[in-house]
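As structure tokens, one chain now follows by itself in the form predicted on its own.
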Amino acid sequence: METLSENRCFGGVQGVHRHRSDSCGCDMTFGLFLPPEAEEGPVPILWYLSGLTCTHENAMTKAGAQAWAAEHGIAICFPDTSPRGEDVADDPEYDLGQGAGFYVNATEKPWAPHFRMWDYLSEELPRILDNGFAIDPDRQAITGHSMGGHGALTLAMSLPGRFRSVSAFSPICHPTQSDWGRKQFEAYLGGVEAGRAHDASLLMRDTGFDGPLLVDVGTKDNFWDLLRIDALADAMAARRQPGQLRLQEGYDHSYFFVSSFMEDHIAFHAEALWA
């Protein structure tokens, strides 16, 4: 593993690291913020999954997360959103290909050789962090924005016992019934039916999440119709899932929205991680 940069940040260290990924068959880059407590021993970790077109860098530089993570003594990992490189398949459209991995394991050509973001995030990258950094693998939480909110919710509900809490900013909630989902499932998985295992609203009805859950979305979100927040709300009600789904008056889909409520989300996760 290669360390690309390390910067002192709120008493801790914001690092950027690159490694060869067995899952994705290419070099992958991630950001990792370690609070001051990591110098003394393992600390809890919050995973932050970003949205369409993003890299590891977007939330790392725009979300304002490090200050609150340092206050609560937790690490934050900012993975990339897809495999990248000259040999990695891509598409001219912003919502397919590089920058749009959708947190699934692709089974179809030309995506299957590299687009294995589910394995990368559920198995490979956690193992790398466990072995290389002062991270407590028994204290994990997950959050994300938009496509990353979709990833956070689906990983949390599909890996029972892995995460102590889950939250999301403007998540894609019902991708099997949205153009943000159907298109990607057709391309990566060969059909929408195969995407049912990666649909947060369906997973909520089938399994739910055994822990604290928080979802925020702005009432002026530019992509409201694509997110299908209503489907997740209905599924939570049907399952009687404990949690909060908050509509934030006047906010849109941008990082201005994410940064406005990042303090809330990190405090929410810190309560579960330090319990």
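Quick caveat, the model's predicted, so the values are computed rather than measured. Residue numbers here begin at 1 and follow the sequence given.
The form predicted together with a further copy of the same chain is left out here; the points below concern that form.
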*Heavy atom contact within 4.5 Å of a further copy of the same chain in the predicted complex, the stretch among 224-232, 54-62, 207-215, 24-32*: 54-62
*Three residues, 11, 250 and 260; all within 4.5 Å of a further copy of the same chain in the predicted complex via heavy atoms?*
yes
*Is residue 3 one of the residues lying within 4.5 Å of a further copy of the same chain in the predicted complex, judged by heavy atom distances?*
no
